[in-house]
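Two forms, one protein chain; structure tokens for each follow separately as structure 1 and structure 2.
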Structure 1
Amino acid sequence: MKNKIQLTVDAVVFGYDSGNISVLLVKRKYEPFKDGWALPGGFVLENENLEQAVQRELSEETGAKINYLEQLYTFGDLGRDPRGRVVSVAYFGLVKPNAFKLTASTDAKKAEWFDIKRLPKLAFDHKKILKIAIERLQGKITYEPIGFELLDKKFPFSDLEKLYTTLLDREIDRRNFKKKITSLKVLDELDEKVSIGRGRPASLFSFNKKRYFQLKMEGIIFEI
């Protein structure tokens, strides 16, 4: 009789704060890869769907409760898990790291944020999963307005530029970027200014949630 294929979920949770991108990892409490770092995740129970499973695992292993996680990819290479034939459905999301307090339990000994450019060695095939998640995130922000919710309620336009420069990991054409963002009408200019460096005070903006989510639903394309 052939071995039963088991199903797991993994969560790639990116954090953005002040120009830095991090990813949420857990230190494993048990074998395999005991004391190794891995993405939060685990086996799907018989009485839950995939979305319930990934939210439960995140909550149990890190204390995180995230409103929306997008399905990334299904990973099923032979030998990806020493425990047997295991297929994993991975999800990813983008949050503010200070949105919740990290609390590790169940299979996790510790939960911690790591800069994506200074990562420890990862268990299983989680390095591959993370690489694909980064590529998906960078691809997604070039055609859909995402990430505005990671900024303060009121922000100078330079903060939005920094967000996109950081997520894309490259410089952007600032003039063209501002023109494209302005054309989307997702920003409301406020009657407030803030001093930044030695330059003249900069206008503050807030993002128009109604317009923002409408564009996300439409899958608007605005190549950067």
Structure 2
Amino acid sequence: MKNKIQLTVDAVVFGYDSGNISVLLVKRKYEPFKDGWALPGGFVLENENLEQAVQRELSEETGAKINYLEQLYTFGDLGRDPRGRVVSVAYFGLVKPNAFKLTASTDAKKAEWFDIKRLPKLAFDHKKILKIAIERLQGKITYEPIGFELLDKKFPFSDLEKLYTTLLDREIDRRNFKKKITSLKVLDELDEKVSIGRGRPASLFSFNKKRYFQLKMEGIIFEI
């Protein structure tokens, strides 16, 4: 009776670029759900731990470089896979725009980015997994500055602001938002500016990881 359960990992990898949140999907080569879209993932090998399995599958299937990866939830309902009893450990990942565009532009590959507002039908119970991942993402950015993992190393403040308005789907007062982020001291203002199109050039910022880990140690909560 035991031992007939198969174990897979699946990854929900989010990317962000100029106001769009995307998720990485792959087109299935084989049955079941042949030619259907699914989350990247696959069977866990006997000699690798779960995170290694996710990273391996991701690099095999998409080539994406992951900045941030955490375990999301384990899905084990009967009947979630037509092949039999398959339990899947889902992970949640974030990538920076570079990795993002790279894969998105190579159309020959089987991996593609989809705007989370325009998703195709998904194989297995991946719709459910994705839903939970989106909730986690929205919840998480309000109390941990993981939003930076979706941005370039250097970014104008407006990028961060736009990321939050997009992710939370509501307006944010720029002054109050900056006040809050500034008070955390996780942003370093650089001596550089960028000018994109018209409008006043923007100062570039970078994310201070040291300070972030320090805050984490102190158990500091922040709330957007």
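All residue numbers here refer to structure 1's sequence, counted from 1. Throughout, rigid core stands for the largest set of C-alpha atoms superposing within 1.5 Å between the two forms. Keep in mind the model is a prediction, meaning the values are calculated, not measured.
- Legend: structure 2 corresponds to the form predicted in complex with the DNA, while structure 1 does not.
- With the core superposed, Tyr16 shows a C-alpha displacement below 2 Å between structure 1 and structure 2.
- Taking 2 Å as the criterion, Asp173 counts as shifted between structure 1 and structure 2: its C-alpha moves by at least this amount when the rigid core is aligned.
- Superposition of the core reveals a Cα shift of less than 2 Å for Gln52 between structure 1 and structure 2.
- Core-superposed comparison between structure 1 and structure 2: Arg200 shows a Cα shift of 5.5 Å.
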